[in-house]
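Only one chain comes next, encoded as structure tokens, the form predicted on its own.
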Amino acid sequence: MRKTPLKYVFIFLVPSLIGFTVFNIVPILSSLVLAFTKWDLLTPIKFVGINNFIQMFTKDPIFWPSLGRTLLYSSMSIPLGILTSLILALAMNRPLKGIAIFRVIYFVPYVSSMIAVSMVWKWLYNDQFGLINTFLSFLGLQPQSWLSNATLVIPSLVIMDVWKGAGFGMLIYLAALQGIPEQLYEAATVDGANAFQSFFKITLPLLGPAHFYMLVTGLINGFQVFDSVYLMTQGGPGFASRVFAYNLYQSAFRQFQMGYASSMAWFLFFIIFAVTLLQFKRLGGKVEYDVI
């Protein structure tokens, strides 16, 4: 391979580079330009400077509430997702016969279509004949309006999204658990440590890289949540589940405010970039990657 002429390398890279440029670089740069313009797809593009950002911060009554709902969603989904994934990984990290089948079962929701998952959960959440309310009635409890109650709609979406994504988190934690040397647990047992102490003194600290990865990706996904809202509630009831990404979608493809939507997209990018950078600065150096 070292003797291969460099021109052949570029020949094979050209198709991928063209696709990456056309479908990634050009749209990104175009949206950056549009963020400083006013355009509705029908009239000519008009340069407006930073007016879109001024409108976004001071005149849009939906902007800050939608960002707040996004933060609420993230603050609920991230810890719940991490905890659920860790519990599943601990349960699946057993040398039992047929355990691989259960691992596949728990991973299936992650690779399932979001449309199919949303249809199933809309039925589960149905006010009149949903399985969850049927079970609550069987227990003598009051049925709830899961998707039409402004207080319950965000937690309901969080539960569905955590259920769907837990299989992927389980896989991350399972790989991390199987990378911990068994000798550490044997040494701890010799020193008189019980299972509780071994978990908090050995397992949990050595899962630091997995925790860090789940936290970073969880925040990125949380700030960009869209598909479950679009498929389940359409931002309702009222504006109770109108998160930032769905608000951006409404501005772009319902109201055709392409310039304003582009400014919102870049604001979201800077938020995600700043939060991720802060995580790497504050937490990245504290993560221990060497097991021994």
Partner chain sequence: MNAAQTIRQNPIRKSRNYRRRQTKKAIINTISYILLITGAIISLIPFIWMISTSLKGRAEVFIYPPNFIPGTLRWDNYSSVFSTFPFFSYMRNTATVAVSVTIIQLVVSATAAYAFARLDFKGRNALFFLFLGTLMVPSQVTLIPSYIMMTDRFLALKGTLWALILPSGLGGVAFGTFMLRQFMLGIPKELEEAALIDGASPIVSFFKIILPLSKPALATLAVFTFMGSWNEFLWPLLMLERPELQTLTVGLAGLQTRWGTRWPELMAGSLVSIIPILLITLFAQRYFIRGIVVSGLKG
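Quantities reported herein were computed from a predicted structural model and do not represent experimental measurements. Positions refer to the first chain, counted from 1.
Omitted here: the form predicted in complex with its partner chain. The next part is about that form.
In the model of the complex, its partner chain sits within 4.5 Å of a heavy atom belonging to Y249. Although the partner is absent from this view, P109 contacts its partner chain in the model of the complex, with a non-hydrogen atom inside 4.5 angstroms.
Contact annotation: D227 falls within 4.5 Å of its partner chain in the model of the complex, judged by heavy atom distances. Residue contact check for K201: none of its heavy atoms lie within 4.5 Å of its partner chain in the model of the complex. Shown without its partner, this chain lists L67, M56, V48, A265 as candidates; in the model of the complex, only A265 has a non-hydrogen atom within 4.5 angstroms of its partner chain. Listed residues L88, I154, L80, L206 were compared with its partner chain in the model of the complex; L88 is the one with a heavy atom within 4.5 Å. The partner is not shown here, but in the model of the complex the stretch 79 to 97 reaches within 4.5 angstroms of its partner chain through a heavy atom at I87, L88, A91, M92, R94, L96, K97.
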